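Here's a solo chain for you in structure tokens, the form predicted on its own.
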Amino acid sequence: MAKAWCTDMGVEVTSLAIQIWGGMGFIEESGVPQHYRDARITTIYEGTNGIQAMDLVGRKLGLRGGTAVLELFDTMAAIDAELAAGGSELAEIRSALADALATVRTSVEWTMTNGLADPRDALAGATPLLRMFSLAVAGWLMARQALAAVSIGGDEGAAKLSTASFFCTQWLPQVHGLTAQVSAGAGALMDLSAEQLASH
């Protein structure tokens, strides 16, 4: 997750930078295209991000019979009580994180169950699963930062709380849109591949 999601985000951020610059961002004089190319190669180094996703579902989810990933979910869910004690300032973050964790846990459990029955089903949804799992972990880390921000207070605390709130309300909900991709199975993917092979 650290390798794949972070490098994917690097590509998205530098692509957005080109968009912000407009036509100037597309030409070499601005320097922005070089940042994009530098970010793009990171998704390929050390195993492409598609390979990282397949490693997640093929090896990591099954560690210790699946208990490693379930323990991580329990650890992340344990923050709920602290967020509840934080009052209204943390209510949106708490709600968004709880909903996201429930969605991701369901998708992970689907992958673990169906992946045992047919590994192709697990692999077909590996990339969206890696993204949604990564978003959930990032949301949990942002929630931890929000708790620290409330205790710090002042301008620094307010800025960090705003950042955490933005992430949890604007980025974290993406997990819900990825569930159908994770659980779609390999049928359509395998049919498409067969059709493409037949046409060549």
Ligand SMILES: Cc1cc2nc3c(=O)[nH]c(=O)nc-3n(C[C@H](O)[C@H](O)[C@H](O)COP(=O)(O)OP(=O)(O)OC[C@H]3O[C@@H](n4cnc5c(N)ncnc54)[C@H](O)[C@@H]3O)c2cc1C
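Note that this is a predicted model, so its numbers are computed, not measured. All residue numbers refer to positions in the sequence shown, first residue = 1.
Just so you know, the form predicted in complex with the named molecule exists too; it's not on screen, but the next bit is about it.
Quick one: in the predicted complex, does every one of Y45, T48 and I51 get a heavy atom within 4.5 Å of the named molecule? Every listed residue reaches the named molecule in the predicted complex, so yes.
In the predicted complex, which of the listed residues (I41, A158, I27, L63) lies with a heavy atom within 4.5 Å of the named molecule? Checking each option against the named molecule in the predicted complex, the one that comes within 4.5 Å is I41.
Looking at 144-152, 165-173, 51-59, 130-138, which lies within 4.5 angstroms of the named molecule in the predicted complex, counting heavy atoms? Selected stretch: 51-59.
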